[in-house]
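In structure tokens, one chain follows: the form predicted alone.
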Amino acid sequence: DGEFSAKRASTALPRCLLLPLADNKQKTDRVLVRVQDLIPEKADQLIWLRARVHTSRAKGKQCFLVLRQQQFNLQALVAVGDRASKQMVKFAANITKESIVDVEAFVRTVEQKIESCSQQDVELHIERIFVISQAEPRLPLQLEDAVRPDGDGEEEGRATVNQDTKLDNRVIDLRTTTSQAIFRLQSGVCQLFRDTLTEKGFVEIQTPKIISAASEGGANVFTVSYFKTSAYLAQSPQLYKQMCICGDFEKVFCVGPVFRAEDSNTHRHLTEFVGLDIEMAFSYHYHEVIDSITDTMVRIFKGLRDNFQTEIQTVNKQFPSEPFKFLEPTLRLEYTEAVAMLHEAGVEMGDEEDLSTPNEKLLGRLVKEKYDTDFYVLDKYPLAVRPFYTMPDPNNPKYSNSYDMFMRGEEILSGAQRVHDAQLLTDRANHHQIDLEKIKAYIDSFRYGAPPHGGGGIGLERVCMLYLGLHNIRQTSMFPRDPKRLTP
């Protein structure tokens, strides 16, 4: 199995070896260092390191390896001398890409910066190398091809990897610097969302995803068999967030999957995505809710800007984009103002018509030109285009106390003040021709006193995609689900 050892009379332990599976019979006090910690200050120390073989090339009596750990990598060298035999150099050169190795090596400073590695000022001089887990020689895709900017490959005749190949081989694709950066940033969005809301006195809740009636009404719902009957996958935690408000939690949020059975094969639709949902009671005006949500979003944007520059720059190398801009306080426009801006730009649409995707994008450009922000709120949507539980505007029955939030001209949040009166809710449901029997539990939760409240739902993958200026939501969903993809 390619196992051999370059033993010396003087050393009992081999210098290079393919280890048997899970060779962890003995505990060891050996400390493995991290690649990112290897800096000039560590020069001349003898260290142990576990990493993947990113690339290897043999050159005469030497073999150069690039060893990688997540988004960090460094150069390592095996050279024929009193510590390494010819066989050892050959052994190192034959280790397949992506194999996991343990190396014992001296850290040495270099005279010329190693531009191609994250650790540019040091390299390793390998004393011993053991293969912990061997990768198959044929990889489904090459990592360097997967991070090549679009367009770079074509000119030089080098390969780029298409989206489906990446997603079919997601385990390999997740190892690329771009994917590592995207999903570390995504983790940051969730962390900032939770920390900000917890600090504001919100309580995190968990809501059921198997429900008895479609949460948003309509046809875009997945039906699942439930013993002798049918159930649905939740299109939103709407009902349960509101029940928690009626149950006196006052301010709640949840992070969880949301399902939409829409046969939409676009750059921004998934059939399952992660919803960051907020609901809160307010004192006098639903703008208190808008202010809470926009403040949370601004805290997220600042946290990403201040703590994730490395990740942002990494993604930018492959997918260049302008830095994300936002204002404090957040810009809030009324729907009628937006329609007027679109009319001025030559768009023909009715005052109570919903915004089409192209018009949303155009509006985003117009707002950016006029106000220099990528993030804004559109308030007071026409009542006719919103769900039945939306509170009508008390001053103008054609409009409603509802709002959307946009990043780079695409919607990331939909929200509203909710109807908290059982009779008005019944009237609105009848107006929308909804079967009252199916939403009885929902309406009943408002019969025993309910505070005025509102909230909204944010799509995590959309926030990450638009913050980074990416153009496909599948890049920010770890294992995306769309009408054509159910695996891996």
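For every residue, the number given is its place in the sequence shown, counted from 1. This is a predicted model, so every value here is computed, not measured.
Absent from the display: the form predicted together with another copy of the chain. The rest refers to it.
- Interface residue remark: Pro140 is counted as part of the site for another copy of the chain in the predicted bound form, having a heavy atom within 4.5 Å.
- Within this chain, Gly457 is remote from the site of another copy of the chain in the predicted bound form, having no heavy atom within 4.5 Å.
- Heavy atoms of Arg268 never reach within 4.5 Å of another copy of the chain in the predicted bound form, leaving it off the interface.
- Contact annotation for Thr55: none of its heavy atoms lies within 4.5 Å of another copy of the chain in the predicted bound form.
- Figure note: of the listed segments 297 to 305, 83 to 91, 275 to 283, 404 to 412, the one touching another copy of the chain in the predicted bound form, with heavy atoms no more than 4.5 Å away, is 275 to 283.
- Proximity to another copy of the chain in the predicted bound form, defined as a heavy atom within 4.5 Å, singles out one entry of Ser187, Thr109, Gln309, Ser356, which is Ser187.
- Think of it this way: in the predicted bound form, another copy of the chain has a heavy atom of just one of Phe388, Phe183, Phe319, Phe130 within 4.5 Å, and the residue is Phe183.
- Looking at another copy of the chain in the predicted bound form, residues Lys325, Val377 and His432 place no heavy atom within 4.5 Å of it.
- Residues of 256 to 282 lying near another copy of the chain in the predicted bound form, listed in sequence order, are Pro257, Phe259, Ala261, Glu262, Asp263, Thr271, Glu272, Val274, Phe282, the criterion being any heavy atom within 4.5 Å.
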